[in-house]
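For reference, the chain that follows is the form predicted on its own, supplied as structure tokens.
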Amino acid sequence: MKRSTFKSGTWAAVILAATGLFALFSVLARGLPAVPGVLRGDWDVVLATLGLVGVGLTLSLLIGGGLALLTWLARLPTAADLLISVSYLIPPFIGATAWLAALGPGNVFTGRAILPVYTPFGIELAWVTHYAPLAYLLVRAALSAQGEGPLLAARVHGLNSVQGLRRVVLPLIWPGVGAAAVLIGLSLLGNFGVPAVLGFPAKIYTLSTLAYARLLNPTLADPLSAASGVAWLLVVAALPALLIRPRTPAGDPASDFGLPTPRRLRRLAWAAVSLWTLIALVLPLSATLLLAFKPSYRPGFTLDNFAGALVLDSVRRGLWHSVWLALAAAAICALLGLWIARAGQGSRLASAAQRLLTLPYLLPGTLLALGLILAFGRTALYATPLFLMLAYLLRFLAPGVEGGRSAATPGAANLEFAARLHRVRRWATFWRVTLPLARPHLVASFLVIYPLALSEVTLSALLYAPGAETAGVGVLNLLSEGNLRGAAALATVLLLLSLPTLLVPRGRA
């Protein structure tokens, strides 16, 4: 197919990439003069952020990587992958709310705090239980890519199991560890929901929540510049991870030499998987559900907490906005991502624009939100649901483009070329040939983006205005009012709305 067929996709990529870059540079230009003041007055927050991120990253890699190595050695089935990774599908701020329901003041079990969750410990607990499964999936993929050949070779050369792991297997999985470190480090650095839920009540700030606090501080002469100065430090902290390019694991995932697995090792692996599932998933979610359905001063289970939350106009509006924004953003990002990905074939300009489109997804969402305020704060778009839609499109377009790339198979290109030879117009080719062939990949992109947009809270907290709330903001507002049961009920509604997409196997999408 000729390049002109998807020329409009190239320009769409260029325009969106330029918008994202303009927002980023607006933040950097506005915040540069405020950086020295931030360093003088908030150096403790910088150190606290780096410390929290460092501990969270280390624990996530150790726990997730350890589980990956153990389940790989024991050759557990894919059911173990599902049990370990399902907690990653729960949005972080809902996970933090779940830990409040399980261990915090007013929890459903004792009514008094079991562990201090309004502390750095609570933040780390919510972070690790969410991001350790990501480390597990990436390290396990690296191990599976190698097969059992390296371990068999180590045994052939007389190395025992420990020596084979240390000298042969572990060096081969560093690509998976590196990829996990980059993704988890960037995610922790930009995470807003968990520090907002568990840090704000105890005045524990990270750089993301500090930017939010500066933006809403009425005592500052220029809150936007102060928040942009904090955003500068987020960029500097994220640069090392952005500059690292992890290698893709190489190997044959189908290689299986049938090495015997000791029964004791399998029992140990299943015990570890069961313990992780109990701690990271069953305990917090069961506490959230019990708190959501249990009335305050009488036994039994009712829907009173749901009714009490949904009677609020802001909560109902937030749910409505979150649902239609998530559905629209997921559909548009999937379709536009396919169009842009097709435009990038053979076009240097489109390929460069696609790479730039990954920045809003990888960089902390605080940067994008502040940049959009600076770029569009004086327009009619500001403080409307459509403003959030623009932010969601810029934030979540990268997964849509990635799904579009996976749909670009040689067979699809040949059929598109055949359609053009028969003088089928480009839009007819796209709708009749490209879309049907790419449907599984579009569905997969939709299933990835929809839950992310539905429970998005970083952009929403900075960009919403009265009348344009989202459900994530509603949960934060209920928690700030001390209404833990109402927050648990609203979090349960969000989980129920996400459940259909979470249950669809990604491999069949």
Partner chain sequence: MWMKRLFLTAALSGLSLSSAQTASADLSGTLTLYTSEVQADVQAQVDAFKKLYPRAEVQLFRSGTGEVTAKLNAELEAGNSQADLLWVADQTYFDTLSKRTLLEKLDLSGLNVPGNAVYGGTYAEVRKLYNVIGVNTNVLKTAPKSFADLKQPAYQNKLAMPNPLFSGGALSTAGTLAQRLGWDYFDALAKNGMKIEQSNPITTTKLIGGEYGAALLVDYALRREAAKGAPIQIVYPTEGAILVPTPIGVLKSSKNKALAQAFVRFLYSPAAQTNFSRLSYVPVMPSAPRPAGVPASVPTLPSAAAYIAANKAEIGQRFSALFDLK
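Just so we're on the same page, rigid core means the largest C-alpha set that superposes within 1.5 Å between forms. Residue numbers count along the first chain shown, from 1. Here the structure is a predicted model, which means the values were calculated and not measured.
There is also a form predicted in complex with its partner chain; it is not shown, and the following applies to it.
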Exercise for review: Could you check which residue among Gly66, Gly54, Gly467, Gly37 gets a heavy atom within 4.5 Å of its partner chain in the predicted bound form?
Suggested key: Gly467
Review point. Among the candidate residues Phe293, Tyr88, Tyr118, Trp339, which is the single one with a non-hydrogen atom no more than 4.5 Å from its partner chain in the predicted bound form?
Key: Tyr118
Check your understanding: If you check in the predicted bound form, do Phe200, Leu216 and Ser480 all have a non-hydrogen atom within 4.5 Å of its partner chain?
Key -> yes
Check your understanding: Just one stretch in 125-133, 176-184, 105-113, 265-273 has heavy atoms within 4.5 Å of its partner chain in the predicted bound form, so which one is it?
Key -> 105-113
**Study point:** 4.5 Å heavy atom contact, Ser286 and its partner chain in the predicted bound form
**Key:** no
Practice item. Determine whether any heavy atom of Arg378 comes within 4.5 Å of a heavy atom of its partner chain in the predicted bound form, and answer yes or no. Key: yes
Point to revise | is_contact(Arg405, its partner chain) in the predicted bound form, heavy atom dist at most 4.5 Å | key: no
Check your understanding: Looking in the predicted bound form, any heavy atom of Ser314 within 4.5 Å of its partner chain?
Key -> yes
Check your understanding: For Lys203, is the CA shift between this form and the one not shown at least 2 Å following rigid-core superposition?
Key -> no
